[in-house]
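Only one chain is given next, in structure tokens, and it is the form predicted on its own.
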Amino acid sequence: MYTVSGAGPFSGEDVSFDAIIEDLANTGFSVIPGFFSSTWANALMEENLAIWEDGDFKKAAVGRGKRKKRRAEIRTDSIHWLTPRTRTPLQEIYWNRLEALREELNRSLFLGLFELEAHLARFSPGGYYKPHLDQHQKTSFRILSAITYLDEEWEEEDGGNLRLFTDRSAGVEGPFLDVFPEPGKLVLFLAADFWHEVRIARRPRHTITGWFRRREAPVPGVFG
């Protein structure tokens, strides 16, 4: 087991995409402290709390289409989707930064990433998300998962860590990486390959969770 912590040497726009590209090419995942500045993360955190207080988060569901339903035994988070019509200036900073990363990933790794979808996510105390893959059954358009953390002063005893199972063939029976919240930290991993879960959080936990998608027809690239 490995634990990722620390502020990291970079902040916001100073973070190079080169290390991310190398990580994804070699392992299929990357953890980047300081991808966004803590100042931005703290401001968005305040905005998120206001959105929560306004009642604009909805209980999350599992599945898609007619099979989509709320399953509290699997996940307990609440979400608020980001849309072009409703995105705030702080959310636009996130969107533009991820779009720049998408373009660079396409140039360097030929992933054919077409668009980004993302939502705010909140786990209340006691919340969790059981082990799962981020690509829905019988679909292939979610290619890369992207989790951005907003909470500060998080302690290991607060729980709520992302547990990423790092052996693609062994899944939940294999080794894992524990990542704890830290404002501005970004985690990327191949959506169809890596099982992961959110362990029980003992305080409210806030992220922006997104997916880089490609069109339904697969595009050949580094990962096939």
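Counting begins at 1, following the sequence as shown. Not measured: the values here are computed from a predicted model.
The same protein also exists as the form predicted together with a small molecule; that form is not shown, yet it is the one meant from here on.
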item	value
Per-stretch contact check against the small molecule in the predicted bound form, the hit in 168-176, 193-201, 36-44, 49-57 (non-hydrogen atom, 4.5 angstroms)	193-201
The unique member of R107, R71, H132, R87 whose heavy atoms fall within 4.5 Å of the small molecule in the predicted bound form	H132
Triplet F123, I147 and L162 all within 4.5 Å of the small molecule in the predicted bound form via a heavy atom	yes
